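Presented as structure tokens, the chain that follows is alone, the form predicted alone.
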């Protein structure tokens, strides 16, 4: 058996990897273990827990899952349900479906309309969160908001978006902001489909729905799974709704990331905030494992 040769010696390769490894350890590994340790203590920014934090075991976790307060507004269970609704409607239904529809509508069509839609979607995606949040706050304002002016012009009543329907407001905001990623991913996936597949379907008389159901969706299934898991993780961990509603009114839009911020950095209870962060990490890990499992099954069936 011939000797296996490498381009670089092992020591040289490790030397090149060292800077990246240092950054990973410093900004990912160590903070993770620090948060894990703090979640079992009563550490806080003020009071006795600031100078002399004590080990409290599972107390922080048990308080989060206390049956008496679990589903009360402003508590962990309520925030988890709100986050689930937010992810379901803004990511899985909003971004994924709208992105697929846009990609399918402009599939194999070259026009100024396609270029304009894609450009606007990408711009919405790359603009900084703060800028977009202030723009949407002005857009949804009850008195001077653009959307209410449009409704008034159409003879419809004004809607108090940020106070009356705050959940719908952040769902629309997040859907508008994140659809570009799904659209670009699905456009790339559709572009990889051999034209002969659809030409054969045209010969057999298949309509658009039949081609989408029987040809397009099965061929881009891996891309769909990838898109769903990525936008689920991003939406589950996003903090941008805070810039629109601050988690209110009355905790009605307080997703888990905002709850973590409130507990840890407004009430200075680092122990409970770290416990919420660890639970979020475990949920993210579960999503990632489901994603890897689906990919492995897909590879095994090929």
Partner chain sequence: MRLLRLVLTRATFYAAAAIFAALFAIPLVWLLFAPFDARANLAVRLPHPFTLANFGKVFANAFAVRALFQNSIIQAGGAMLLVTLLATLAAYALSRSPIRGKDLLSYGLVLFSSIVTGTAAMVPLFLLIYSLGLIDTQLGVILVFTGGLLPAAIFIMRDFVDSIPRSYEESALVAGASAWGMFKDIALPIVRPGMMVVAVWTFVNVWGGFFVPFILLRSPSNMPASVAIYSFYTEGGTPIITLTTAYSLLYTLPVLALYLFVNWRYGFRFFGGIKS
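Positions refer to the first chain, counted from 1. This structure is a prediction, so every number in the text was calculated from the model and none was measured.
There is another form of the same protein, the form predicted in complex with the partner chain; it is not shown, and what comes next is about it.
Checking 185, 96, 216, 171 for any heavy atom within 4.5 Å of the partner chain in the predicted bound form turns up a single hit: 185. Among the residues 212, 230, 165, 151, the one placing a heavy atom within 4.5 Å of the partner chain in the predicted bound form is 230.
Within this chain, residue 79 is remote from the site of the partner chain in the predicted bound form, having no heavy atom within 4.5 Å.
The partner chain in the predicted bound form is approached by residue 128, whose closest heavy atom lies within 4.5 angstroms of it. At least one heavy atom of residue 12 is located within 4.5 Å of the partner chain in the predicted bound form.
None of the heavy atoms of residue 67 is located within 4.5 Å of the partner chain in the predicted bound form. Heavy atoms closer than or equal to 4.5 Å to the partner chain in the predicted bound form belong, across 239 to 261, to the residues 239, 257, 260, 261, ordered by sequence position.
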